[in-house]
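Encoded as structure tokens, the following chain is the form predicted alone, with no partner shown.
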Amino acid sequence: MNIRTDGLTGFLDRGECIGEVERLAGEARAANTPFCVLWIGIDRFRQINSSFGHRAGDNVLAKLAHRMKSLAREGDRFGRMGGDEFVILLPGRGVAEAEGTAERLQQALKVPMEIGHVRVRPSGSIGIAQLNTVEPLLHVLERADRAMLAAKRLGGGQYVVSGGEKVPGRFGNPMAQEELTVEGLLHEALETGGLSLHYQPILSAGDGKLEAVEALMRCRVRERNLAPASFIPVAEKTGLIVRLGEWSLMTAARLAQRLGADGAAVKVAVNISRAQLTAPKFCQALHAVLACTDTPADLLELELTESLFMDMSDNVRRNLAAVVEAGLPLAIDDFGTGYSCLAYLKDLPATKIKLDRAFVVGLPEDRKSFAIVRMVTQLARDFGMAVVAEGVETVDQYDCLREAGVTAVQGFLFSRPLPEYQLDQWLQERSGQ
């Protein structure tokens, strides 16, 4: 057992993990027995460090590591790959047993803990990979890492079993072939018109009146539809997200201007990435969009993730202040998915909170989620902020959210995201009714 001074006694370090994977994978292949790797990434850990400090963050990691170790079975090996990422090596176990371990891990990780006077609910994204008969031994570790990143892209708090990715990336080798392919397709989409926006209506919870539409990017190149979960991470990694964001903002503004000119003014909400908001020329690009499209500023709403508000640089603060001065409303998207500190709300320039669908999916049976929705709604009302509930799919959910006092609702119950021509038809049908 390793002697550690960071509260992670019994955990191998990165170099030791790699050596142990090679040894155990080699033994498994020689004996024709299964061998699985679990790669665990703690979700949104950066917000803990930024909110409570690195000492508190280290304490949280030590507690979570202890929870993981408490689930150990004979033969398991535990390691820390650096930062907030861990691995568990399972010699002699196949995917089914690894999935059972992942489910127990998630239950253990999400038990609430206190940091100072704040109660947080950690979670982990887990990637699972089983050694196959032909790949180099270390590729099983790489595939578990990639599966973990896929789980994070799906929202975290879940596990993903590797689909057989065999091209390594994070151990010094070239970027995965699929990522290179997606990057090339994104460049082609920008040049050939393969990008489009679909729009999902946001309705008043009280009278069903249309309040806004959210613009959601889609990409189709060479008869291939790229899922946002696959191309957005690649765009962020390569820097293409800034170009995609500028295109999205311009396209959404043109729709807002056209609808306004037709006498059907509708606010269009556009997601803004961290890379855009940290860019020094973000406000220049924003004013150029408004000027080129002749769009009133109040018809565009910028949606920013909660983590961006909680970890703001001076440049981000300046850009946000300029956005507000220009007259554009701001919304906090996916509220509740990070380590939310409600005290932040009183200082934010946002006028709207969008509750993540995680609080909606269990309604009306999940009374704890209902209590959280009602509490946030009341607090937001006191701050003069609107609350939108995302992911509404059933009438029972809708009725429950209305009871909790949310301002507006969005989800498949009312409409799926629609391409522009179908949105026009949807608006005409509502007008006729």
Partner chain sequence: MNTDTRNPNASAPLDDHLAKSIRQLGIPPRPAILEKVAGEVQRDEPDFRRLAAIISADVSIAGSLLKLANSPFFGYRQRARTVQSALSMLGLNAISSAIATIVLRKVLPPLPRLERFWDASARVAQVSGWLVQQIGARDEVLSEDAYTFSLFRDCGIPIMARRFPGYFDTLAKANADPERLFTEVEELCHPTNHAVIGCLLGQSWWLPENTCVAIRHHHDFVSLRAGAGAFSPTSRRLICLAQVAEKLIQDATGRGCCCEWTKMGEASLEILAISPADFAELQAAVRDFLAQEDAA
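Under this definition, the rigid core comprises the largest set of C-alpha atoms superposing within 1.5 Å between the forms. Numbering follows the first chain given and starts at 1. In this text the structure is predicted, and so the values were computed from the model without any measurement.
Quick note: we don't show the form predicted together with the partner chain, though the next part is all about it.
Engineer: The partner chain is absent from this chain, but in the predicted bound form, do Leu141, Lys209 and Trp426 each have a non-hydrogen atom within 4.5 Å of it?
Structural biologist: Checked in the predicted bound form: no contact with the partner chain for any of the three.
Engineer: Does Arg254 make contact with the partner chain in the predicted bound form, using a 4.5 Å heavy atom cut-off?
Structural biologist: Contact check for Arg254: yes, within 4.5 Å of the partner chain in the predicted bound form.
Engineer: Do Phe231 and the partner chain come within 4.5 Å of each other in the predicted bound form, heavy atoms counted?
Structural biologist: Contact check for Phe231: no, nothing within 4.5 Å of the partner chain in the predicted bound form.
Engineer: Even though the partner isn't displayed, in the predicted bound form is Pro136 close enough to the partner chain, meaning a heavy atom within 4.5 Å?
Structural biologist: Within the cut-off, so yes.
Engineer: So in the predicted bound form, does any heavy atom of Gly194 sit within 4.5 Å of the partner chain?
Structural biologist: Although the partner chain is absent here, Gly194 would touch it in the predicted bound form, with heavy atoms inside 4.5 Å.
Engineer: Please identify, from 347-355, 69-77, 220-228, 113-121, the stretch that has a heavy atom within 4.5 Å of the partner chain in the predicted bound form.
Structural biologist: Stretch 220-228 is the one.
Engineer: In the predicted bound form, which of the listed residues (Ala108, Ala321, Cys292, Ala275) lies with a heavy atom within 4.5 Å of the partner chain?
Structural biologist: Only one listed residue qualifies here, and that residue is Cys292.
Engineer: With the partner chain left out of view, choose which of Ala265, Leu154, Val95, Ala285 has a non-hydrogen atom within 4.5 angstroms of it in the predicted bound form.
Structural biologist: Contact residue from the list: Ala285.
Engineer: My question is whether Arg143 is one of the residues whose C-alpha shifts by 2 Å or more between this form and the one not shown, given a fit on the rigid core.
Structural biologist: Comparing forms between this form and the one not shown, the Arg143 CA shifts at least 2 Å.
Engineer: Is there a C-alpha shift of 2 Å or more at Ala30 between this form and the one not shown once the rigid core is superposed?
Structural biologist: After core superposition, the displacement of the Ala30 C-alpha between this form and the one not shown reaches the 2 Å mark, so yes.
Engineer: Given a superposition on the rigid core, I'd like a yes or no on whether Gly19 shifts its C-alpha by 2 Å or more between this form and the one not shown.
Structural biologist: It does, since the Gly19 C-alpha is displaced 2 Å or more between this form and the one not shown after the core fit.
Engineer: Over in the other structure, so in the predicted bound form, do Pro233 and Cys17 pull closer or drift farther apart at the C-alpha level? The difference is 3 angstroms or more.
Structural biologist: Here the pair is closer than in the predicted bound form; there, farther apart.
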